[in-house]
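First, one chain by itself in structure tokens, the form predicted on its own.
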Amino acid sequence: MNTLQGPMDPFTVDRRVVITGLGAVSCLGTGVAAHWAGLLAGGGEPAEVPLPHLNMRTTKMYLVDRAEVPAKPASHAGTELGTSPRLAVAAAEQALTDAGLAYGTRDAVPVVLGVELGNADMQEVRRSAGRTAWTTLTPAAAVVGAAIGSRAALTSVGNACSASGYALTIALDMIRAREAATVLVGGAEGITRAGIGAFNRLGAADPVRCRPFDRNRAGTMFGDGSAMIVLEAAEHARRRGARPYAELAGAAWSCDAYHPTAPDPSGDQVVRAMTEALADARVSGADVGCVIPHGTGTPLNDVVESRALHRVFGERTRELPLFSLKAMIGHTTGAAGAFACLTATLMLRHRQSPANVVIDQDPECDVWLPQERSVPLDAPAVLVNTYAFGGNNTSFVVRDVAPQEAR
């Protein structure tokens, strides 16, 4: 791949990677302002999934208002498109517009998306209509690239529920390696019978709501939507006059290699991901003002993550606020890391963590989830965790930029 080394190298002065654009569509509405307002208002409510043949225990999700699901693009290169790629295009356009990157200036912008179930709903529609030919499951990155006018690399990452966490780390590395000055990164998921059915079969689907860290949690509950982020070399952003929201300061991967679906009870690799992300960001635990945990609502995940947080933050864990995003918008699977990154960025911008959904907290999850009111963010960084089947873990750190640079 061509690199940016030479007279146009944006890293000559500043090696930081900053966030200059955001876009979102979720059960909280369309747009970043609707997302933040929805979090402050207490999040969304699950609704019955409008699909036939849901003969399952759990039939609810945190759904995007169907009137806000774009009808286009309906197809790409002969492939009929379901909700995921259409939501992705809508959120991508928001993020690039927010960053001040108009159509016609995006040729060199790579697209890196975390997508797990992808176009599966279109496959289900076709099968229900008696059309047995297989259709492409992960076209979203190609669809977004074509829609925005990119002629750069288009990458789809499928690391299950940490897919867009991995996508963020890949995008970060692309800029650090001088392969691109700007990268559009994010995730998108639609509703599918296959996804809901799989978690019902595993006994990991909560029929009530998504209840991370609650003593009565019974699994997770999905949400659909798309979140997109524009990452940019700080010097490149400065040269074109873009004002960053925050910095994606560091990230790390690890793998349990323990079980196909269950996390390693020791939490060793979860701790490793958090520790190495903090080191990569060159911050200490004291610099972290809030954690957005993976926190799915599955019984073992939440206990393992709580204990791992104690190993990373020690005695400070009980005073460190956690914000349980999935209780607000559901588990958006492949898009979960992108939604968490976007939310961490908004927390830093507004200098607060919204109040959590009220729960009956499990004493085995000895962490602080402020529920009565929002709390001020009194440190410059937010740590985000994303985990997935197969023991795939990512952690990343979003941090303040210098006050004179911030929006």
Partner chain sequence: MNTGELAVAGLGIVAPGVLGPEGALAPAVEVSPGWFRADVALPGRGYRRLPDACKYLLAASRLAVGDAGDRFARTERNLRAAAVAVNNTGAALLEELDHTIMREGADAMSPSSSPFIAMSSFAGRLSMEHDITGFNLTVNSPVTAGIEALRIAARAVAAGRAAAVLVGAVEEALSPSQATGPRTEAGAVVLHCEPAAGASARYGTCRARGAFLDPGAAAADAAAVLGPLVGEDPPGRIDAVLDDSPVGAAAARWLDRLGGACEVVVVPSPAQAGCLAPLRRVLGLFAQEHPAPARRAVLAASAQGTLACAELTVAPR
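Everything quoted here is computed from the prediction, not taken from an experiment. Residue numbers count along the first chain shown, from 1.
What comes next is about the form predicted in complex with the partner chain, which does not appear here.
Handout entry: the partner chain in the predicted complex: contacting segment from 315 to 323, 286 to 294, 210 to 218, 153 to 161, heavy atom within 4.5 Å
Key = This holds for exactly one stretch, 153 to 161.
Exercise for the section: Verify the contact flag for residue 195: yes if a non-hydrogen atom of it lies within 4.5 Å of a non-hydrogen atom of the partner chain in the predicted complex, no if not. Expected result: Yes, residue 195 sits close enough to the partner chain in the predicted complex that at least one of its heavy atoms falls within 4.5 Å.
Problem - residue 259: touches the partner chain in the predicted complex, heavy atom cutoff 4.5 angstroms - result: Looking in the predicted complex, residue contacts with the partner chain include residue 259, since a heavy atom lies within 4.5 Å.
Handout entry: residue 202 within 4.5 Å of the partner chain in the predicted complex, heavy atoms
Key = Contact with the partner chain, yes.
Problem - is_contact(residue 56, the partner chain) in the predicted complex, heavy atom dist at most 4.5 Å - result: Taking the distances in the predicted complex, the answer for residue 56 is yes, it comes within 4.5 Å of the partner chain.
Problem - Answer option from 169, 83, 333, 301, heavy atom within 4.5 Å of the partner chain in the predicted complex - result: Checking each option against the partner chain in the predicted complex, the one that comes within 4.5 Å is 169.
Handout entry: The single option of 254, 94, 275, 306 touching the partner chain in the predicted complex, heavy atom within 4.5 Å
Key = Contact check passes for 254.
Practice task
Decide yes or no: are 117, 177 and 390 jointly within 4.5 Å of the partner chain in the predicted complex, with each residue judged by its heavy atoms?
Solution key: Yes.
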